[in-house]
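The chain below stands alone and is given as C-alpha cells, in the form predicted alone.
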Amino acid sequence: MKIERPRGTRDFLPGEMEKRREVESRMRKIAESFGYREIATPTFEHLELFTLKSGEGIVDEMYVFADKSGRELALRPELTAPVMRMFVNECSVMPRPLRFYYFANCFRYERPQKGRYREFWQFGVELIGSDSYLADAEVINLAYQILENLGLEFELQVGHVGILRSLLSPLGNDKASKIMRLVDKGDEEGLLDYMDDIGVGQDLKEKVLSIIDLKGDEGVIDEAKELISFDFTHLENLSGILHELGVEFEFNLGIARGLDYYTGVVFECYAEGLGAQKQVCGGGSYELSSLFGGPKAPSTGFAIGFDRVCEVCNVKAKKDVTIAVISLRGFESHAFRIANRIREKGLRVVVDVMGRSLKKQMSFASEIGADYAVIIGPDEIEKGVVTVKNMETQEQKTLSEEEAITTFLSRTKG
C-alpha cells in the first residue's frame, strides 16, 4: 500500500535541501556577525504557553494533544513564546541585553496554500532587555541585511502600535484590542461595523481610519501629529538611524497587532512572487516575560518565513567537488582506503557498493555529476599511483595519491 505524506507537509530532495542549507547558513552567519547566539526549545510545549500569549482562539489553529498523564500539550506554532518561557526559566539573571537567534520547524493546522504549510520553518531573533529605539534599529537592520544578502526584492514597512492604542485608549482595553485585531486582519467592513456597534463617535472613527491609511515617507509623522497628541520621538530617532544605515523603508501606521503584549515599533517585509502570502518577515517590540511569571523585560524580535524566502530567492547552493573512486573487482578495499584518505581533506567521495563493472561504475559517476573519477586496478596498486579522470574534459592522468588530492583541493579553491 502506498502511503502519501500528510497534507500540508513536504519532502525535500537533495537539490532542494542543498539550497535550503545554503540559505540557512547565510542567515546564521549574518545573525552571528551581529552578536546573536543560537538557542533551541522543545518541539512541543504546554498548551497554556500559547493560549496565555495569543488567547483561546489559537487552539483551533494548532496541533493539540494530551499525553499519557492527561497533560494538554501542543506542537509549537511559533517560537517567540517558547523563547520567552526559556528566558524566564533560565536566563532572567543573565546580563542584558540578550541576543538570541533560532531556526526550527513549527506547526499550524490551517488550510495549505502557496507559501503556507502545516509544517513550516522559521528563522528569527530576539533582543531582550532594551526599550531603546537603538534596539529596534538593530533588529530591523539585521532583518534587512539578511533579506538583502539573499537577493530578495522586498519592501520594508515600519509602524508603531502605540499610536493607534493611544488613540483608542478612551474606549478601554477590551474594545481597543478588538479594533486592533480587526485592523490587523485588514477587515475594514468588520471594523466599521464594530465601531458602529460600540458607539464610537464620528470624530474618533475618522481619526482611526485616517491613521491606518497613513503610509509613506517622514511626512506620515507630520500628518499623524495633526490627528493625535503622541510622543513621536522614538519613531523619529529610529527613522534617522535607519536612513543613515541605508535601510530603505516606508512608514505604514496601519500595521497593527491584535495582541496586547506588542508595545511599540512593528515592521513587516513583503516580497513578490508569493501571491497573497507575500509577507516574508514580521517583527516588533513587545513585553511577554511578565505574562509568563518573570520580570518585565522589553524585547524586540522578528521571524522570517524560511519556506517563503526559499521559494523566491535565487540563492544557488555551493557545489562541492565530488570524486568517484572506481575499482576493478578484487580491489574494493583499496578503493575504500583511498576514499577515506581523500575524505579526510573534507572532500565528498563516492565508492561503488553494487559490485558493478568498471564501465557501469564510470557511467554512474557521470550520472551523479562527479567531477573526477579515481580509477584503481592492478597496475595502479603495483606502481603506488592512481588514475585520475576529469569527467568534464575527459583528460586522464596518472598521479600519486598526494598529487591527486592536491588536484582536488585546488578545484575547491578555484
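Quick note: we count residues from 1 along the sequence shown, nothing fancier. Please read all numbers here as calculations on a predicted model, not as lab measurements.
Here the subject shifts to the form predicted in complex with the RNA, a form of this protein not shown in this document.
**Q** Choose one stretch from 66-74, 355-363, 342-350, 34-42: the one whose residues place a heavy atom within 4.5 angstroms of the RNA in the predicted bound form.
**A** Single hit among the candidates: 355-363.
**Q** Could you check which residue among A303, A224, V247, C310 gets a heavy atom within 4.5 Å of the RNA in the predicted bound form?
**A** None of the other options qualify; the answer is A303.
**Q** Note which of I30, I375, M62, L47 lies within 4.5 Å of the RNA in the predicted bound form, where distance is taken over heavy atoms; exactly one does.
**A** The residue from I30, I375, M62, L47 that makes the contact is I375.
**Q** Check D193 for me: does it contact the RNA in the predicted bound form (non-hydrogen atoms, 4.5 angstroms)?
**A** Heavy-atom contact with the RNA at 4.5 Å: absent for D193.
**Q** Would G115 count as a contact of the RNA in the predicted bound form, using a 4.5 angstroms cut-off between non-hydrogen atoms?
**A** Flag for G115 set to yes.
**Q** Under a 4.5 Å heavy atom criterion, is N237 part of the interface with the RNA in the predicted bound form?
**A** N237: no contact with the RNA in the predicted bound form.
**Q** Using a 4.5 angstroms cut-off on non-hydrogen atoms, would R111 count as touching the RNA in the predicted bound form?
**A** Yes, R111 is a contact residue.
**Q** Could you list the residues in 276-293 that come within 4.5 Å of the RNA in the predicted bound form, counting only heavy atoms and keeping sequence order?
**A** A276, Q277, Q279, V280, C281, G282 sit within 4.5 Å of the partner.
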